[in-house]
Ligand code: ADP
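Just the one chain here, laid out as C-alpha cells, in the form predicted on its own.
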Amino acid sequence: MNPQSVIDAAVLHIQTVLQGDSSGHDWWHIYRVWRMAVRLCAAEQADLFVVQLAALLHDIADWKFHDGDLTAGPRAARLWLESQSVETATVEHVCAIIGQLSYKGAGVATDMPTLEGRIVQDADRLDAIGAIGIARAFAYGGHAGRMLYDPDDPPEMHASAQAYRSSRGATINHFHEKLLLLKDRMQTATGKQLAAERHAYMEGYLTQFHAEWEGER
C-alpha cells in the first residue's frame, strides 16, 4: 500500500460521491476541511495519513442524508478503506473518528479521544463558522426546507442528541444552538486562534441581520 496513492484515490472517490451536492456538504467542504486538517496536523505533529483519510472521508455518508443512520458514514468509510488494502489499525482509527465527529447538541459532550480525531473535528468545525459557515448554514437550511428566521420560535439548547437531530428550527436558531458554541469547543491551539476571528465575524453578522430585520439599518 502506497499512502499517497490511497490519498489520491480518496480524493477522486469523494469527488464522485459528493458530486452535485448543494447542501454545503459538497466536495469543496471536504477540500477545505482536508487542507485545514493538514495545517493543524503540522502544528500538532500527529499522524498525517490518519488525519488526511478521516478528513477526506468524514462526510462519505452523513447521517443527515441517510435517514438518521449514524453508522452509515463509518460503514461506508470502512468498505472503501478495506478495498484499498489499508492496514486494519488505520481503518479502525479512521472509522472511529468519523463515528464520533458530529456535533450532537448544546448539552451533549462530543469527546474525541485521539489527537488525530481532535484535529479533524476542529477542522470540520472551523468550516461551520465564519463567512463560509454562514453561507453553509443557509445553504443547508434551504436544502432542508427550514425558515430563514422566526422570531416566535426561539433557539433550543438541546439536551440530547436525539432532540438536536430532530430539530426543525429556523436557520438563525442554528447559530445559537451550535455555531456560536463551537469557539469554546476547539481543542487545538491553532483551531482556537482561528475560531476566535470567525466567531467575531458571525457575531457581527447577526447584529446586522437583526438590525435589518427590525428596519433599524
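These numbers were taken from a predicted model, which means no experiment stands behind them. Heads up: residue numbers just count along the shown sequence, starting at 1.
We do not show the form predicted in complex with the ligand, though everything after this point is about it.
Residue-level contacts in the predicted bound form: of L179, M36, A46, I60, one residue has a heavy atom within 4.5 Å of the ligand, and it is L179. Picking from 70-78, 141-149, 111-119, 86-94 the stretch near the ligand in the predicted bound form, with a 4.5 Å limit on heavy atoms, gives 141-149. Residue contact with the ligand in the predicted bound form: T171 places a heavy atom within 4.5 Å of it.
Put simply, H13 is far from the ligand in the predicted bound form: not one heavy atom of it is within 4.5 Å. Site residues D124, A137 and Y164 are all in contact with the ligand in the predicted bound form, judged by any heavy atom within 4.5 Å. Heavy atoms closer than or equal to 4.5 Å to the ligand in the predicted bound form belong, across 86-124, to the residues S102, Y103, D124, ordered by sequence position.
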